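Given as C-alpha cells, the chain that follows is alone and in the form predicted alone.
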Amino acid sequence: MMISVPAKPFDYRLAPARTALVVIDMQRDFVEPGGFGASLGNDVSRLHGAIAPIAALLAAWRARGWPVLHTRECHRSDLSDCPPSKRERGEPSLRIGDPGPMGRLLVAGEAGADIIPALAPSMSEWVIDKPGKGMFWATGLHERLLGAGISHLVFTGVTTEVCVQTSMREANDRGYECLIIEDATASYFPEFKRVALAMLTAQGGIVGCSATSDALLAALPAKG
C-alpha cells in the first residue's frame, strides 16, 4: 500500500514502514543560546518554529512504529575528523572545539551536541553522529538504510540550506524518494530557506518534493 501526500511539484507517494522520518541536527549547539550557531552571530530563535511540527511528526511516526533517525553534527574530541578548512572558516566568537557554556562546541559527548529535550530520541531510534554537513559522509548510513529496507526519507531539521539540503541531495543521489517538510525545517536566514526549498523541488522535483506537516499528517493512515 502506498500513501499519497499532497506536495510540490507533485504528490509524494509514501511507503509505510519503509519511510524513515529524518530529524537533522536539532542540537542545543544550533538551537540554544551559547552554542555554535550563536557564536556565528545568528539569532537562534529563528529555528524554534520548526520544533512543534517536528514533535508532531515524531509522535505520528512513533505511534505507527515507523523508523526514525536523528543526526548530530559533531566531531571527535581530538578534532581529527574536523579539517582546518571547516574549523578556521569565518570569524565566529568561538570555533568548533572551543569551550563554551554547554561544553566544547560541536564535540561528541558534550552537552551542546545533544539533541534538544523537546525532540529527544527514543531508545529504538537511530542517532547518527556525522562529521560533515551531509548525513551519509563517513557514517555508514546508506548501508544501514539498505539493510533495514528503507526506500523513502522525510526530511526535517536545521538548517534548511546547509545540512538538510546537503543530506537530501546525497539521499537523492543514492536513489531514495525524498520529501522535505516545509514548516519542520528552518534557517537563521528565512530567505535562504525559501530559496533552498525552491531549488530542491525545481525542474519537476529534481531532488524531491515538499509538503507541509499538516498535509502529511492528514494523509497518514489511522494508528493500529
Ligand code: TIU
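Just so you know, these numbers come straight off a predicted model, no measurement behind them. Sequential numbering from 1, following the sequence displayed.
Unshown form predicted in complex with the named molecule; subsequent notes refer to it.
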Taking heavy atoms and a 4.5 Å cut-off, does Phe36 contact the named molecule in the predicted complex?
yes
Do Leu179 and the named molecule share at least one heavy atom pair within 4.5 Å in the predicted complex?
no
I'd like to know whether Val158 contacts the named molecule in the predicted complex, with contact meaning heavy atoms within 4.5 angstroms.
yes
Would Asp114 count as touching the named molecule in the predicted complex under a 4.5 Å heavy atom rule?
no
Where does the named molecule sit in the predicted complex: which of 193-201, 171-179, 50-58, 25-33, heavy atoms within 4.5 Å?
25-33
Which of the residues spanning 37-68 lie within 4.5 Å of the named molecule in the predicted complex, based on heavy atoms?
Leu40
